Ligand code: GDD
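First comes one chain, alone, set out as structure tokens in the form predicted on its own.
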């Protein structure tokens, strides 16, 4: 069995590649000229890398025609919410065009590829307190250009299932973190700041944005297991929440990270880290996915944060 991972060099993609290799799956991944390779350095000889610009339909068609994947995990995206405020058109074009080209190529070549679309809890956007934990039936009220792009990816997947019979499973993943998480994302940013302070690379001041937001964090290693199960047991055309079912304020997450360090650190608010609008609470209900696949999160939040901080401590 052959799996194609778009965005294989990224945070989730590298963990997914390792997981699939452990299951003896042949792995092909898309890369671009500027792709960072450090996340997959240890497995580079065990996978096949294919240079492909997903926004170019001819490049995508050539890839799909030559590889004919049994499984497609579509992870590649502009996934940082603040960047979408600065570059809304680039975010929307990047995230929609790449998926459209992949689905058109699979449809055109008549492949039976099982497709997992990595959607996002950001699609739910504004959530009223009485609507938590969030079910898949909750209204989508996106609050950022990134969230709008993921809604489009989500519904495009549904449309191609209904219109052309493509085997598409949509996963709406809530916040996920762990080793290799990009430093722009809040858990990793705080962990890196702490590690840099411990190393004496920066003054003992940790800069933060909105600490009152509530988020549902799942370990990336649980998430990639969920993605595999989505294509093993998920029902085509359905959408599934991937979540821990537990909620932490950003303040509580920061307190946990600080408790794992002996450094004396001052916390300061940086206005530049505040967004034009922010989702107040994201708490997911993953029962639908559990009933379909048997999946549930296994790695405790404290262990995730410990491993994340240790990852940054080990970086040069």
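Residue numbers count along the first chain shown, from 1. The shown structure was predicted, so the numbers you read here are calculated from the model rather than taken from an experiment.
Beyond what is shown, the protein has a form predicted in complex with this ligand; the following relates to that form.
This chain lacks the partner; the member of 92, 140, 208, 111 within 4.5 angstroms of this ligand in the model of the complex by a non-hydrogen atom is 208. In terms of contact with this ligand in the model of the complex, the residue from 32, 41, 65, 273 that brings a heavy atom within 4.5 Å is 273. At a distance threshold of 4.5 angstroms between non-hydrogen atoms, residue 128 is out of contact with this ligand in the model of the complex. Not displayed here, this ligand is approached by residue 174 to within 4.5 Å at the level of heavy atoms in the model of the complex. Not displayed here, this ligand is kept clear of residue 252 by more than 4.5 Å at the level of heavy atoms in the model of the complex.
Of the heavy atoms in residue 27, none are within 4.5 Å of this ligand in the model of the complex. The three marked residues, 218, 289 and 301, fail to reach this ligand in the model of the complex, with no heavy atom of any inside 4.5 Å. In summary, the region of this chain contacting this ligand in the model of the complex, judged by heavy atoms within 4.5 Å and restricted to 67 to 75, 200 to 208, 152 to 160, 233 to 241, corresponds to 200 to 208. Contacts to this ligand in the model of the complex (heavy atom within 4.5 Å) from stretch 156 to 188: 173, 174, 175, 181, 184, 185, 186.
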